[in-house]
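The chain below stands alone and is given as structure tokens, in the form predicted on its own.
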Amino acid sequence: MRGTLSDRTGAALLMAPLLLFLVLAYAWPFLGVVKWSFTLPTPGLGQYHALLTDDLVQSVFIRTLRIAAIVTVVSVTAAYAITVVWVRGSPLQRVLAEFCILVPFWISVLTRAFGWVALLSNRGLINTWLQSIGFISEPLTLVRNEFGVIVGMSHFLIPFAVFPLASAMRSLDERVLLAARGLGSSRMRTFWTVFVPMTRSGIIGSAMIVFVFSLGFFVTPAILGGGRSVMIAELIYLRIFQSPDWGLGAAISVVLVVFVGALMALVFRYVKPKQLV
């Protein structure tokens, strides 16, 4: 009993610096943002009332949720295919998949965003090539819209979606798959009815990571959206630094943080955190 108490005390002392850092780096500044949302420009709930009545803010919230949902589906689907190759492919396939997963981490988000501009713009490589072979007569509008934003965000977030999926796939019991094959199930049926359901925790974890990241994305939507597909992080930036309307920007930030917290609480209610990694 005494040993258990001392172990808990030691663990608490080891965790104390980390908890103090989190409070000073995150909780204390966030409380300041909460204060701004209730006091600027005048004390009261006016900024939260504006969130419910301002058509611009509501349209940006809806656009952000829509883009985040699409990016989540695209990223998790692509990541699932890559992870299957990485975990269950041949040695050469595994090396190539690992190369494709890790190399993007070495390239900054800004460089990748401008790379997509070079590919997707009206005079970019894709439009130039399609026009040169006579496939199109006029350049396609691939940037400064939601399509460009979705492409750029998905490309950035796919590697982050891979790791929870890889963890789930590596923890599978191979005997279950062999039993399904032994009972006459085809490869495709085994994949959809046995393999995919057994990796459900990885799918949920990947989807949560990508969706939460998408809600707060700033650089890629700002560059590839060109001001025509403003998302919530860019709106906060505009309200804080260009309007300036610090009270409304702070209120939007608080609502976004509360929404993400509620979403994670809802997910953890049905899925244990340790099952997601």
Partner chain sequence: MQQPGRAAEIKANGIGKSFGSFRALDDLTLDIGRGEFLTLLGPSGSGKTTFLMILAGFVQPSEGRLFSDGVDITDRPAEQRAAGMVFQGYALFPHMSVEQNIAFPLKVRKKSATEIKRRVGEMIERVGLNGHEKKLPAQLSGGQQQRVALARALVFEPGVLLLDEPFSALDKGLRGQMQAEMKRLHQETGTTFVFVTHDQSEALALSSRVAIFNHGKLLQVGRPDEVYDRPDNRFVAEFLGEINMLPVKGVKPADNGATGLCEDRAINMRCKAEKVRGDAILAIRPEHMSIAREATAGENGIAATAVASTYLGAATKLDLTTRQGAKVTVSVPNEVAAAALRKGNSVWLTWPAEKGFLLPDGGQ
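Residue numbers count along the first chain shown, from 1. Keep in mind the model is a prediction, meaning the values are calculated, not measured.
Omitted from view is the form predicted together with the partner chain, to which the following refers.
Note which of 109, 198, 136, 119 lies within 4.5 Å of the partner chain in the model of the complex, where distance is taken over heavy atoms; exactly one does.
-> Checking each option against the partner chain in the model of the complex, the one that comes within 4.5 Å is 198.
With the partner chain left out of view, choose which of 204, 78, 176, 96 has a non-hydrogen atom within 4.5 angstroms of it in the model of the complex.
-> In short, 176.
Pick the stretch from 185 to 193, 136 to 144, 70 to 78, 158 to 166 whose residues have a heavy atom within 4.5 Å of the partner chain in the model of the complex.
-> Going through the listed ranges, the match is 185 to 193.
Is residue 181 close enough to the partner chain in the model of the complex to count, meaning some heavy atom within 4.5 Å?
-> The answer is yes: residue 181 has a heavy atom within 4.5 Å of the partner chain.
Let me know which residues along 16 to 51 have a heavy atom within 4.5 Å of the partner chain in the model of the complex, or say none if there are none.
-> The stretch 16 to 51, when checked against the partner chain in the model of the complex, contributes no residue at the 4.5 Å heavy-atom cut-off.
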